[in-house]
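For this one, two forms of the same chain are given in structure tokens, first as structure 1 and then as structure 2.
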Structure 1
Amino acid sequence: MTLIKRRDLLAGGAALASLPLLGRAAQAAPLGVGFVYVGPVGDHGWTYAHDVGRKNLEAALGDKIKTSFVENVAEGPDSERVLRQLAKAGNGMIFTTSFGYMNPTIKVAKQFKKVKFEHATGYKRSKNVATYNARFYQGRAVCGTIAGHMSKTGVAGYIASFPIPEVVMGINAFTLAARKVNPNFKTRVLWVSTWYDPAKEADAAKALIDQGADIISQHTDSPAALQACEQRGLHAFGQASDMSAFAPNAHLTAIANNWGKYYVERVGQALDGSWASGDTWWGMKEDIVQMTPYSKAVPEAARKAADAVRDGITAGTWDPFQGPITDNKGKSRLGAGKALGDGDLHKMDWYVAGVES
């Protein structure tokens, strides 16, 4: 009779556990790529778009990589634990897809120097932390063009979350484009101090409509405002992905985020050894910012004008922030023929003429 000691069991277990590792090492081990999401993959918005990008990555690079994701990770201390786990699990590359992961990403990256980190929408970088973002304001210019054509009252309502540069440049790009069509166009901004509060967003849309706006744009995440417009028989733009399922008549188009292209390029660089930290801000030219199909409510003239803006931005011949630009206090901000640099955009804290905030 053999006595099986606990120590033998442990040793045996360890040996067994290491077997799959040996097996993997024998082939060229696939690069583990981890994704950290702030919301559920089914949010039909921000996180959903990132997960589509992850699937594109898998389709493009096949068995050279192995992806995994963790969803609903709260920004802050909890994310640090998740990041550390992903790094320990052997991932060679980790994408952290929300602004609030910035400090945890930098911190964990210091401890795992061999892991390459990519942080979306942040501004802190290090040797193994790169940052990336998309020029969503380009899509706002397309929406603004459509709004300029379609609004009868000449007043758009804009449901905005917080006055950070990202949101401010969207409001400005939207208004500048709309005023190219209708010089008297006004954008009435309603700050709701939240990214997500469906009931409040719906009430905000109603308030804007009652005060004369007949088209709604939003920089908050729920489709509630679209539903409010659907009930009132008015139109609105979706946020972050096609939201037409929620409001088939009201939804005109939405700005969609096509992260896949960036993910394929960066992971490819990691595989061939050419990856380096840096900051990437891609837009329509790189096909990372896309417009979802226009609904049939968009008239032919607006459709053509919107396509012209989109194609112009893609070709680099149409700049949403082309001078001259005057702010809403009457001060000249940019001379004729000049363009705003990325640095100016990143710290934008003023509104163009026509914005009522």
Structure 2
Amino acid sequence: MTLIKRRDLLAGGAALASLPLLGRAAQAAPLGVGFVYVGPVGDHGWTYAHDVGRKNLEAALGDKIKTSFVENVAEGPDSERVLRQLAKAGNGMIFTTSFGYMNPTIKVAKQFKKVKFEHATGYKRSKNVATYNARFYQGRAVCGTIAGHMSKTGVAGYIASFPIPEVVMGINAFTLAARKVNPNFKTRVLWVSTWYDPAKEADAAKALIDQGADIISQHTDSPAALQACEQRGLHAFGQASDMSAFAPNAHLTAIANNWGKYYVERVGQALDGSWASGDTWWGMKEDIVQMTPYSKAVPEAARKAADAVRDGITAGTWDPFQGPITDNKGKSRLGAGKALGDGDLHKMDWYVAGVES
């Protein structure tokens, strides 16, 4: 594994470009696999989970591959430069792990047609660009079930990053599940316009608590919100990994992203020649979306209800978006007995009843 700092990557393009020649001469070089991260590997959230997946990949495929990563890459032009240099460095496969990398990935892939690109959470594909995501909303439904049982005020706070469908469907799944327990449940959303900013996340949690929320959920990546709840004696859910070490009394459970399974399969396909572009959206059934252990604070009734939701989703007998569904403006969005399809979820831009955004 190699950690490449952006300033070194951008400055050393010429030297890096010579590496593939050595590999071709030896005809036994490992497949270079690069990862581009939007945050630091130590965020204990989204980027941390992807890097755990990269390490799982190394453990599974050993000397058949050589991985590298660049962390803290801003979405936009900066990511395009990083992608181009990773391709020039001889990586045969590159994973870009944030929504804002979508257009740069497509652009660079056109210039490096022999390189296989995989973009997380996006929707644009080409012959050498595949997309992948996880059904996080399934885990949000489990969290919402617990919140519905445990909230004394009937109000949860939700710290949201950017208003893209992935985040919106998570807010909605959380709220729908909570309202199955408490029909008057409300979710107050505060948008912070960042994936990772501990200070902003902590301030957002405090603001939501001041507005009456006694449980906090988040679609941002640091444990700062949990720590704010710990200080106030309230509860919260972690993001992307088990964050209980940072707030042992506040942390109820978290969605854990098991990216390693996907990375091992797709890189294995690149090695054996069976890789093809496509879209993959795995969830609890495929063990990509997992729930971390419940804390002792979660009462038995909430545990049983949450387990029933998790097991039902895994078995395909329980759908977080089963009708009837009404939006927060009173409009019927889905009739009884129906369920939203993937196409509807991918373009979701509305909120269910109970969401205050």
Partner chain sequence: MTPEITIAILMTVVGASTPILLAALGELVVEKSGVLNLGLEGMMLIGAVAAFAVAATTGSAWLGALVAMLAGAAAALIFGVLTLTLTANQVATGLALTIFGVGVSSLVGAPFVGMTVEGLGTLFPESLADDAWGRILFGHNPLAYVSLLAVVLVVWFLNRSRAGLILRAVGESDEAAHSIGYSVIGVRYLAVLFGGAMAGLAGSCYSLVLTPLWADQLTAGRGWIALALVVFASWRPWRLFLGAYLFGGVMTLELHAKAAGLSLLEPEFLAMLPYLATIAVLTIISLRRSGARAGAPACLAKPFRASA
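Here, rigid core means the biggest group of C-alpha atoms that superpose within 1.5 Å across both forms. A quick note: this is a predicted structure, and the numbers were derived from the prediction, not measured. Residue 1 is the first residue of structure 1, and the numbers go on in sequence order from there.
One chain, two forms displayed separately, with the form predicted alone being the second of them, structure 2. Annotated hinge between structure 1 and structure 2: Ile255, selected from Val108, Val168, Thr96, Ile255 as the site between the two rigid parts.
Smaller rigid part rotated by 13 degrees relative to the larger one between structure 1 and structure 2 (C-alpha superpositions, whole degrees). For Lys127, the CA shift between structure 1 and structure 2 after superposing the rigid core equals 3.0 Å.
On rigid-core superposition between structure 1 and structure 2, the C-alpha of Gly39 is found to move 4.1 angstrom.
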